[in-house]
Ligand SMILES: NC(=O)c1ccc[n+]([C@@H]2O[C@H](COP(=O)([O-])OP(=O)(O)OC[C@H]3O[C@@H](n4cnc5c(N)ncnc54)[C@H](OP(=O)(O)O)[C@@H]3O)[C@@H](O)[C@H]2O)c1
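In the form predicted alone, a lone chain appears below as structure tokens.
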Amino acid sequence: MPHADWHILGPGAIGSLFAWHLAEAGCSVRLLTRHPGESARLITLDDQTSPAHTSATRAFHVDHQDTPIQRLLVTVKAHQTAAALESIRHRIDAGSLILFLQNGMGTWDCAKALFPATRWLVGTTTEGSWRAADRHIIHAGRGETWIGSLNPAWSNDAVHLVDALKSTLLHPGHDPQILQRLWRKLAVNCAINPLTVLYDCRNGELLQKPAALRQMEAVCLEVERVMGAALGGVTVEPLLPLVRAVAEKTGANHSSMLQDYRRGQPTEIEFITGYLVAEGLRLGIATPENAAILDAIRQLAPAGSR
């Protein structure tokens, strides 16, 4: 598996970063894009995490064939997942392995519906990557990447995949409790991303706004209750300190949701706050603060994202 074939579905900031490092480790990497006439893509990676701040450009093959896909990394925006997977449905079989590395939760439901016999894993990353231009990626900060399985039958697949990927510079880890990690990330996204849209500000500026801080705390309390119930009644540590720490660390950043909103593009709100509210309804737990934020974002968002 160290030199397995990989296909990247969604070669944006994170997808391109992983494509680059997989190729550096000797893997065969092909991109899946929405441009049928595109046969190759040059991607420039500026690595600001190294003392030398290196910059290099690499050519990647864009694959429009119909051959089976061995390893698929899904990094498209959450709301694009269903259509993106449908477009390659004929190339996924029981021998494929899918890794979801996205914001939000619940996108894997598409894989369960489309490919009931296919193994899939989930992951989360805090690698700092953003696009300076369409095909120019900045690796601005080192983070952590964790991979796991929500299906106990595929736990060994997660372990083997992590072992194989340790030859890359991203050094992922295996988390047998990956669902708890995903819930904590969801809490951060619920408490920061939509509020940056409503207050039209950078992440760190939320901490200077008393009204935003009150909402942030209320969001965290609701997530704690839903998260605890969803995980089988576990006690959840307070999430507000985690959210504040992330807001401080990423203080100068514009959240991805704010960037999407400013560009007039659909946001991932339905897979972040929308997922939280839906889980609350399913479990009989009220989430009035998150529900109000969800409604506010829906009212603000472009018609195509509703």
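The numbering used is simple: start at 1 and walk along the sequence shown. It should be emphasised that the depicted structure is a prediction, and the values quoted were computed from it without experimental measurement.
The same protein has a further form, the form predicted in complex with this ligand, not shown here; the description that follows concerns it.
Though the partner is left out of this view, residue 163 does not reach within 4.5 Å of this ligand in the predicted complex, counting heavy atoms only.
In the predicted complex, this ligand sits within 4.5 Å of a heavy atom of residue 77. Using a 4.5 angstroms limit between non-hydrogen atoms, residue 34 touches this ligand in the predicted complex. Proximity of residue 214 to this ligand in the predicted complex falls outside the 4.5 Å heavy atom cutoff.
For the residues 109, 93, 200, 134, the 4.5 Å heavy atom test against this ligand in the predicted complex is passed only by 134. Judged by heavy atoms within 4.5 Å of this ligand in the predicted complex, the contact stretch among the candidates 292-300, 279-287, 20-28, 7-15 is 7-15. Contacts of stretch 102-122 with this ligand in the predicted complex, defined by any heavy atom lying within 4.5 Å, are made by 102, 103, listed in sequence order.
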